[in-house]
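Take a look at the structure tokens below, where one protein chain is shown in two forms, each on its own, as structure 1 and structure 2.
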Structure 1
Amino acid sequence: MTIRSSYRRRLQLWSLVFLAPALILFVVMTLIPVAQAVIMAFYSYDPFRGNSIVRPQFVGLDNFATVLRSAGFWQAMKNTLLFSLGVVPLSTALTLTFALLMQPLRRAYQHAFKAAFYLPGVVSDAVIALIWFWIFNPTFGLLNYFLSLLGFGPIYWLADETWALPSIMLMAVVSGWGVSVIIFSAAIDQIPESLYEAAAIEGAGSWRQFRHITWPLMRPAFLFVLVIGTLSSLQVFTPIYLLTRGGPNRATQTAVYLIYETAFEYLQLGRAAAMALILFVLVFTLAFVQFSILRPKLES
């Protein structure tokens, strides 16, 4: 018993040694900045009021009150929710469909398609945005070229209030397949082939096999993709920053871009921190609701 307990203590000690670099990095780069942001939300750093980083003024809940009364903030939240509602369901449905279509193929073809789908995930968001900037170009862009072949005039995709946000959503849907396809494919691969063979003997067709075998066993992967996709879409920033800067006329201004603009262009650090906390509450609430709705179905 003594030898076993000594071994456990040594194992725990070495576990802490190997975990220490990651834990230190997490505390320094994530936990401390989050705590500072929470504190900043209750202070004013406005240089036009005589405040600064070293001489902030405590304002209590004034930053939150100002943000909640701001029409620009609610417009940004509306754009963010529209973006998420448009991108997440469509992207999830498409990636699930592609994963199912790849399943009957030979392994070599599956690997080729997975690599093709995952390639945009390896490329940085900035590069993807620049490629789509060329595709959306109203003069020599790829989309308007195909429209001209059909006899339609050019569309100013990123400069038109009607098309700007849908254009960013299209880019997100087309460019965001990689990780989800891999996750769905891995979940499908874990399903025993004997279940499908037994279902086929019983006379079950493809739809019934999907409904009673594939779908119930891959629900955990679906929940993971749905939650991660929602969290990512609610924090969209890079394509907005590189392609539209929130325009035209704030039609593509999302919550994270508004936080960036408020903090680093208007120097309203306390107000930006308050926006970030409100966004955090929204993201946490949506994730909790998704888990609450889907998790009982996973356990049933």
Structure 2
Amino acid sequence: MTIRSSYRRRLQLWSLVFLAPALILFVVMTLIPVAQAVIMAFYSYDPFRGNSIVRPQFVGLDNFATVLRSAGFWQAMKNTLLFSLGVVPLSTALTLTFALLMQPLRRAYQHAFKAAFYLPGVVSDAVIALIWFWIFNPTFGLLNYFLSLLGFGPIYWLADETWALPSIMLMAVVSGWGVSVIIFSAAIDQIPESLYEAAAIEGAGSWRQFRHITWPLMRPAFLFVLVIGTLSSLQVFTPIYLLTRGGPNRATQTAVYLIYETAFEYLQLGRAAAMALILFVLVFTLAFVQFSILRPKLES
């Protein structure tokens, strides 16, 4: 063996040492659980059928069949999609507008606005949800107080089937918009000033500057915000748990809340695993679709 190859060998061995902790954690805490989740979806842990956490029973595709036939699951899927469809486009449009409006301001103002939009995002979503728990209170909450100032009667935000999901969507938009404001602002800051100067010399107005400079160069950030927003909104859990527990009458039952309830309140672990897999396929498909629609235009 030459000196060179023994040196290479030594480097390879050492890199394995450096990788070991991360790799072991990845295998034990992600890879194996994913495989187990797939297996669990084919077993029943139903305590009412004589099975349990310690004595699961193989049931084939039963869990998938039960889940796909249950009205509750489809209701949860519908609510989850509605939530996402309401929150993501609204939040993306608002934050893009905020970032564009902020751009001409002085540094100090920009910093102040960025901090204002981002601050709710550094706080636990449990804290945010509990503050809104009060704001939504029909008798003592700020929201109905403001409505009364405008001459409107009280709305039972979380107890009314029509209002419950939109209420949580409102909360999600106004407390979760910080991240995209920061990302959009950073993307705008990276656009070279000279492009705008050149465009101005050629007589391009602000709409054409936006259309042909700002927008194309912000596309990667836009894609990122859209995908991240979709992924996280499809997994909404904490506000549902703290504000409505999926109610009233399942109006705010979302996919992850249903999975939580099925697994950890009804102890139907197999059925919950099947739900999680179905949700994963849905989420992955949506992310993929967004990517393939927006991605090809990035290169042009």
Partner chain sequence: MAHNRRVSKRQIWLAVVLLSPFAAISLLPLYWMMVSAFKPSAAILNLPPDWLPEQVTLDNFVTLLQSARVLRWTANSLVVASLVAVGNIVFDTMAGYAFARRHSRWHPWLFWMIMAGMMIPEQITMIPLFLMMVNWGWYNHLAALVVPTLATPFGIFLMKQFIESLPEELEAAARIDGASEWHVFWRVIFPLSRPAWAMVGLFHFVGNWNRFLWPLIMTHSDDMRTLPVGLATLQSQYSIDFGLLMAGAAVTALPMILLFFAMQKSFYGGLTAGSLKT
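Bear in mind that the values here come from a model prediction, so they are computed numbers and not experimental data. Here, residue number means position along structure 1's sequence, counting from 1. Between two forms, the rigid core is the largest collection of C-alphas that superpose within 1.5 Å.
Source of structure 1: the form predicted alone. Here the chain moves as two rigid blocks between the two structures; the smaller block's rotation against the larger, from C-alpha superpositions, is 10°. In this core superposition, residue 32 moves its Cα by 2.8 Å between the two structures.
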